[in-house]
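Next up is one chain by itself, shown in structure tokens, the form predicted alone.
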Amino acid sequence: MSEIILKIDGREVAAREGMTVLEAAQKAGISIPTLCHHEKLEPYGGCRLCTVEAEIRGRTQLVASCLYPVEKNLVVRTRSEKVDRIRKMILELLLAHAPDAFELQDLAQEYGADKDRFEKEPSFCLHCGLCVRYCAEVKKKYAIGFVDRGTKREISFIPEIASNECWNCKECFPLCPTEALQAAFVLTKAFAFPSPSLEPAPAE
């Protein structure tokens, strides 16, 4: 593949054709925050924290760097007033769902996000999809998926599959930026294999 030269934060960066801006930045040691990206998974563009300013032929637009392909003469700014404002808003929305997530707290401090700006809706899931996609794309097991839509959307293990596949795997656990995945797993395990002490006593 041919080499493409673009500028990221004023630096000339060499990238391969087909790479995304995020991949090119990471290769050059330039940090762009993201919650839903993983090198083993297809680009998702779910969290939008990786939003950057991309300028090509004099036109500037805000793009998700994990999805936007590199191209010749592309100029990228990973930090600007607009970019920082967008990331701050995204973080404040996410903090309403998972206010105690360490990863979010660190980013909130960097971008000056107020964790109390929005009313709390503690689902603890950020909808990054890492667990769902890893199980489907890497493990090919499909033991976890999304249920419901919109603000009610959440992750759920499929008991029939999880009972055979998940107990000795748990490779998705370290990917979760919050405690939502572990909580969902414990809940599924409790329903799939209830403790004998919690089962109703037999009728006499």
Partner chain sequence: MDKARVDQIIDKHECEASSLIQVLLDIQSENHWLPKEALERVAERLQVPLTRIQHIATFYKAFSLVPKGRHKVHVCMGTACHVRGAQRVLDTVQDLTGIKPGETDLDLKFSLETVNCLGCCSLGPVAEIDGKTHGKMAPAEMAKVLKNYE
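Note that this is a predicted model, so its numbers are computed, not measured. Positions refer to the first chain, counted from 1.
Just so it is clear, the following notes concern the form predicted in complex with its partner chain, a form of the same protein that is not shown.
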Residue among Glu160, Glu55, Glu137, Glu179 with a heavy atom within 4.5 Å of its partner chain in the predicted complex: Glu160
Interface residue in the predicted complex among Gly145, Pro69, Pro33, Pro43, criterion: non-hydrogen atom within 4.5 angstroms of its partner chain: Gly145
Thr78, Lys82 and Arg85 each touching its partner chain in the predicted complex (heavy atom, 4.5 Å): no
Interface segment, criterion being heavy atoms within 4.5 Å of its partner chain in the predicted complex, picked from 24 to 32, 170 to 178, 55 to 63, 152 to 160: 152 to 160
